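Consider the single chain below, provided in structure tokens and representing the form predicted alone.
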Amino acid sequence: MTEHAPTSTVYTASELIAIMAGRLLTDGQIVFAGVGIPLLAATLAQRVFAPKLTILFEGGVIGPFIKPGELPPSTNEQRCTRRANMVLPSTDVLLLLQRGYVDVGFMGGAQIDRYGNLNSSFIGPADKPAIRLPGTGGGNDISSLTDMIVAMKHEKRRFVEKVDFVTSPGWLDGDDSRRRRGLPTGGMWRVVTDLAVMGFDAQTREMEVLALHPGVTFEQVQDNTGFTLRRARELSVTTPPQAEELALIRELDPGRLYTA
């Protein structure tokens, strides 16, 4: 278990990521969330400061209620439907993306590169991969049509110069390559890790560090990244997780299924 203790409060790296990512969401947004950290972050936002936030699941669920201690292990699990506003075929939920009704996509990945392209398909060469991963599901649709938040641990093996496979497009090759490839809307917006919060340069679309978590240096973030990071002119420091936020995260996930 990785723990951070810049103050008297001790929290795990995963709790830190969930809380920092949840703070990025705003009231009234419609969020397409994956399970795990994205779901915890969205639920935290909904319970603490964004009561009108609507969560969507790839399995077809709109507006579920997440019962503390009963986190769904997948987006197709029955617990996803508790007190939901509506349950649709998954194709109809993806159609909402195409119609522009979803504000934010929220998920993780095994690899990410300097332009925010995500890989959740395989590690290694395509004809003989070393590791096979879950694949896209609706990840490609989500990243193609919404403003994306990615939550993941900050490790050099994850932050790579070029992903082995583009499962979910970020800014592709940078500059206006996303638009030229037929994706005029959406794009990678924020990457939240246990070290920092990153955004993307408005012109080059390269990843840049916007804020460091307490006790973390820019050099530490760079040392854990497989490519050269940009640095915001005014690099800020995030506010540590607060007691209310930690209490809710631990109530939602008492067994630390996702936050160990």
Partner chain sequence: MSGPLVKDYETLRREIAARDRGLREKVMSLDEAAQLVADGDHVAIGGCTLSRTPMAMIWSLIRARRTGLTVSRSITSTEGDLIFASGLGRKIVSSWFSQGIVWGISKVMRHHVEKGLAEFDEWSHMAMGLRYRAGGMGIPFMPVRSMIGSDVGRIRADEVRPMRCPFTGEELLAVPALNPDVALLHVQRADAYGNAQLDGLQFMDIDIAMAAKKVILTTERIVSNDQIRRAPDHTRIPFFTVEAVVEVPYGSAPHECYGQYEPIFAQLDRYAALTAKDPIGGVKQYLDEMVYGPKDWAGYLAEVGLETLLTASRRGRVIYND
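Here the structure is a predicted model, which means the values were calculated and not measured. Numbering follows the first chain given and starts at 1.
Beyond the structure shown, there is the form predicted together with its partner chain, which is absent from this document and is the topic of what follows.
Remark: Q111 does not count among the residues lining its partner chain in the model of the complex, judged by a heavy atom distance of 4.5 Å or less. At least one heavy atom of G28 is located within 4.5 Å of its partner chain in the model of the complex. Taking non-hydrogen atoms only, K52 approaches its partner chain to within 4.5 angstroms in the model of the complex. A residue is said to contact a partner when one of its heavy atoms sits within 4.5 Å of a partner heavy atom; D194 fails this definition for its partner chain in the model of the complex, lying far away.
The candidate spot formed by Q203, A211 and L229 lies out of contact with its partner chain in the model of the complex, as no residue has a heavy atom within 4.5 Å of it.
The listed set V216, V35, M207, L44 contains one residue whose heavy atoms approach its partner chain in the model of the complex to within 4.5 Å, identified as V35.
The partner is not shown here, but in the model of the complex the stretch 61-94 reaches within 4.5 angstroms of its partner chain through a heavy atom at V61, I62, G63, F65, P73, S74, N76, E77, Q78, R79, T81, R82, R83, A84, N85, M86, V87, P89, S90, T91, D92, L94.
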